[in-house]
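We begin with a single chain expressed as structure tokens, specifically the form predicted alone.
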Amino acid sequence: MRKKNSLPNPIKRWWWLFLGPVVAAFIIGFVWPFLQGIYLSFCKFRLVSDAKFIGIDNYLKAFSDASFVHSFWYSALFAVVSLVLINVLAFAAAYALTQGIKGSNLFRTVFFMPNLIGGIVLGHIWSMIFDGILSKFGTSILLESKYGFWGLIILMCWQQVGYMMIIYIAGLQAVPGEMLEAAKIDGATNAQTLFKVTIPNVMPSITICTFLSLTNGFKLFDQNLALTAGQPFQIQPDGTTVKTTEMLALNIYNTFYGQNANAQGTAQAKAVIFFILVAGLGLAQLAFTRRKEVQQ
């Protein structure tokens, strides 16, 4: 008589039937376009079908493009400033809302709601707000780059703080109560408990929020397009034009769909550089912050 435990597992027999479509969709939707994009970054083309291999010329053009170099440093500064502000404000809001104050659930909902609004819509809303304020001083967000920078920072914080706050709340609620009680018994002050007990135990949430803030800061596109579209302009000595509030994603978009029909290859090279930059920084940040996490 055959034992029940000796029957073959249907999942083990038919695993390929379940995994196959997922792998095929991943290859078709991500791996193949990604590899094709890398190849096209070494080509001159207007259509994929007429791509002509030209070596590293596109990369040389990308690095010699003053607008691309400017957008890189502009995006880097924006990513650092937004990372710090978003995480400080989100953690502060989460910490306050986990102290048992009345109406905390309502506040959580209100803070999270801006994240549900699309970036293009947010950009146009804040554009009207900023122009309404700055017009009283005879200027506009499109006339001075410092206004554009801080306008993007305010917009990004307003949209992202609520989302990061939810992640921090989950981390704060997971801090072992006995550790907080032990710190209280030992006579630790609120500040000592926060920095010596709470924050080390919330490091997994800090890792996630830092990663999201960093990558979102570099990848910002739709808000940048709707709020400033890269304006104002600055003419370089060689006659080229640099958009002073243009970030990397918008620069790649403008290069690909610009007036120069032969610049698609350069835009594709910029996109590959962009991917390497964001992926490298993201992985480095994950490796660094994960080392700070404590095992409960």
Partner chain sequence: MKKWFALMLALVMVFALCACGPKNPSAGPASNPGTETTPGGENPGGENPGGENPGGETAKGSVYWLNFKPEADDILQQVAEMYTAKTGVPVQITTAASGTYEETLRAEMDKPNPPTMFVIGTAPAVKTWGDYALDLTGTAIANELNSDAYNLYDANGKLVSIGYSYECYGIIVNQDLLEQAGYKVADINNFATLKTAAEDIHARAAELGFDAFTSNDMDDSSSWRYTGHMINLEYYYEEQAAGTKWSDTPASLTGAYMDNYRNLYDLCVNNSTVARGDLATGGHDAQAEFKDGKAVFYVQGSWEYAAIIDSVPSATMIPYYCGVEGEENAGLNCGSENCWAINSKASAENQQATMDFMVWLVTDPEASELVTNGVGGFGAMPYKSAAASTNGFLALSAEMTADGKYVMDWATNFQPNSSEYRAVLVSALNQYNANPSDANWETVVTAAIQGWATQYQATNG
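Predicted, not measured: the structure shown is a model, and the values here were computed from it. Positions refer to the first chain, counted from 1. By rigid core we mean the largest C-alpha set that fits within 1.5 Å across both forms.
This protein has a second form, the form predicted in complex with its partner chain, left out of what is shown; the following refers to that one.
Q. Does its partner chain come within 4.5 Å of any heavy atom of D131 in the model of the complex?
A. So D131 counts as contacting its partner chain.
Q) Is Y39 close enough to touch its partner chain in the model of the complex, meaning at least one heavy atom pair within 4.5 Å? A) Outside the cut-off, so no.
Q. Is there a heavy atom of K52 lying 4.5 Å or less from a heavy atom of its partner chain in the model of the complex?
A. Output for K52 is no: heavy atoms all beyond 4.5 Å of its partner chain.
Q) Does L152 reach its partner chain in the model of the complex, with heavy atoms at most 4.5 Å apart? A) Taking the distances in the model of the complex, the answer for L152 is no, it never comes within 4.5 Å of its partner chain.
**Q.** its partner chain in the model of the complex reached by all of S140, L143 and I235, non-hydrogen atom within 4.5 Å
**A.** Affirmative, all three are within 4.5 Å.
Q.
Can you work out which of Q173, Q99, T109, S135 has a heavy atom no more than 4.5 Å from its partner chain in the model of the complex?
A. It is S135.
Q: Let me know which residues along 44-58 have a heavy atom within 4.5 Å of its partner chain in the model of the complex, or say none if there are none.
A: Contacts from 44-58: R46, L47, V48, S49, D50.
Q) Is Q236 one of the residues whose C-alpha moves 2 Å or more between this form and the one not shown after the core fit? A) Result for Q236: yes, a 2 Å-plus shift.
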